[in-house]
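Below sits a lone chain in structure tokens, taken as the form predicted on its own.
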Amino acid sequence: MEVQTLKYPAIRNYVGGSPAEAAGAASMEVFSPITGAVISTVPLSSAAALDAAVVAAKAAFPAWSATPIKERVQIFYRYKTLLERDMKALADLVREENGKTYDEARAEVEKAIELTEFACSMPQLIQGEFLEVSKGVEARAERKPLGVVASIAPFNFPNMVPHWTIPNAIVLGNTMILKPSELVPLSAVKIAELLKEAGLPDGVLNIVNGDREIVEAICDHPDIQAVSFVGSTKIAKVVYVRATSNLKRCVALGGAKNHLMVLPDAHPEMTASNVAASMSGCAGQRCMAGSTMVGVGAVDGIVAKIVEEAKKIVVGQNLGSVISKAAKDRIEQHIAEAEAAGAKVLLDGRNAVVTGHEDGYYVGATVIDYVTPDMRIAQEEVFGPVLAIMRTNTLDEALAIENANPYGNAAAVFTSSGSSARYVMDHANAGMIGVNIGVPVPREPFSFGGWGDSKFGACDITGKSSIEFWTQLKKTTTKWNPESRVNWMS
């Protein structure tokens, strides 16, 4: 019997600066969604594997946290140049394991570089505070690392989302456990290799692969001080409750149902291209996707242009695959249910096939009009290249739809009216707002994060807000003048 040779070596954990076996762990096949072929295997580690990683991280913490931050960032300056050097290899890995187009995968790595650049600015951002609070009495406040922290990453951005946490948390003096999605474990291996090449000391970053058991073990482990999570709202709630019940800091980012409100005075071409790109970019598998458009008044002409733009989005060319066959089936079921409920499918992406990759997991760009708020497709996150269009007569009605949904990740308005834009900015219940922008992702130093069921916990894990999450404040008061009399200040 011929033994199949996999395209990539079997994934191993990464502990103390070296690949590590997950003793006794079962393994899971890793599929490329582009072809449907098995390309590697990943261990489903037990809690014992996490223990080993935490021991390594805990051992590395004293020396790493004592290293001056100006020296810590030098490693990330070198790391940035390595990301740039290996851009194509990194993008190819993202494409292989996630199914993005090459351009989307490259953009993901470019964002990782931006996140690394921001981390290199930390010495200027955490200088601390100093004040003479009384004669001869000085008070000082400084940011100190927490210890061992953990980052649980999703499948949809295998390179970018780990960089939401790794550079900031580690530059600030913490040591880290990364748990990548078991669906996309390849990029994490390369990240660890490049950080080691850049000079990161052994044990500062450790990777433990696995599924639910490892997530639960991270939430329970007494030596892990903080946990970040990115994934579905259902799991984000579970992680947040479990981690905080074990007295850990936690920020858990969940799903979204973002509404793009389109007014009749919107620029037709700009709106059409932005809406089409928002709903289909990364095959719609992003929490910032504009999955729902709310047309306000007479917008038939703009809807027609959106369909024209969406027809230019072709699977296998400028539209990648979805992550799995289960995801493909679920997305197509959403479309079928909406059609059966009375919505009108203007562009149908079901049963999409790419020649040469017939076993890949593809859904074509889909536009559905006359969706009503009671339909499941209007309420749930589809996570595919599908745009559901609802109709209203007024902007207030559109905002009522946006604000009635439990998520609060992002919302956008397309208009030529400054007053209408300002009205949406003031009244939309979402953490990230776009004006004539379909994917209003903040750039560094502004942090990423929504409201409501899109985020659980305080602070953010990116941008300036992340400093408070990844550090704790130490206050010191000193006095060196024995000649001064003692008062309430001293």
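Residue numbers here begin at 1 and follow the sequence given. The structure displayed is predicted, hence computed values, not measured ones.
This next part talks about the form predicted in complex with nicotinamide-adenine-dinucleotide, which is not shown.
Heavy atoms of F155 reach within 4.5 Å of nicotinamide-adenine-dinucleotide in the predicted bound form, making it an interface residue. Residue contact check for H259: none of its heavy atoms lie within 4.5 Å of nicotinamide-adenine-dinucleotide in the predicted bound form. Among heavy atoms of K100, none comes within 4.5 Å of nicotinamide-adenine-dinucleotide in the predicted bound form.
S45 falls outside the set of residues with a heavy atom inside 4.5 Å of nicotinamide-adenine-dinucleotide in the predicted bound form. In the predicted bound form, no residue of the candidate spot (P145, I170 and L195) has a heavy atom lying within 4.5 Å of nicotinamide-adenine-dinucleotide. Picking from 298 to 306, 78 to 86, 229 to 237, 396 to 404 the stretch near nicotinamide-adenine-dinucleotide in the predicted bound form, with a 4.5 Å limit on heavy atoms, gives 229 to 237.
Just one of G320, G349, G360, G254 comes within 4.5 Å of nicotinamide-adenine-dinucleotide in the predicted bound form, counting any heavy atom, and that one is G254. Site annotation in the predicted bound form: the residue of V73, L263, I335, V215 reaching within 4.5 Å of nicotinamide-adenine-dinucleotide with a heavy atom is V215. Residues from 279 to 295 that approach nicotinamide-adenine-dinucleotide in the predicted bound form with a non-hydrogen atom within 4.5 Å are limited to C287.
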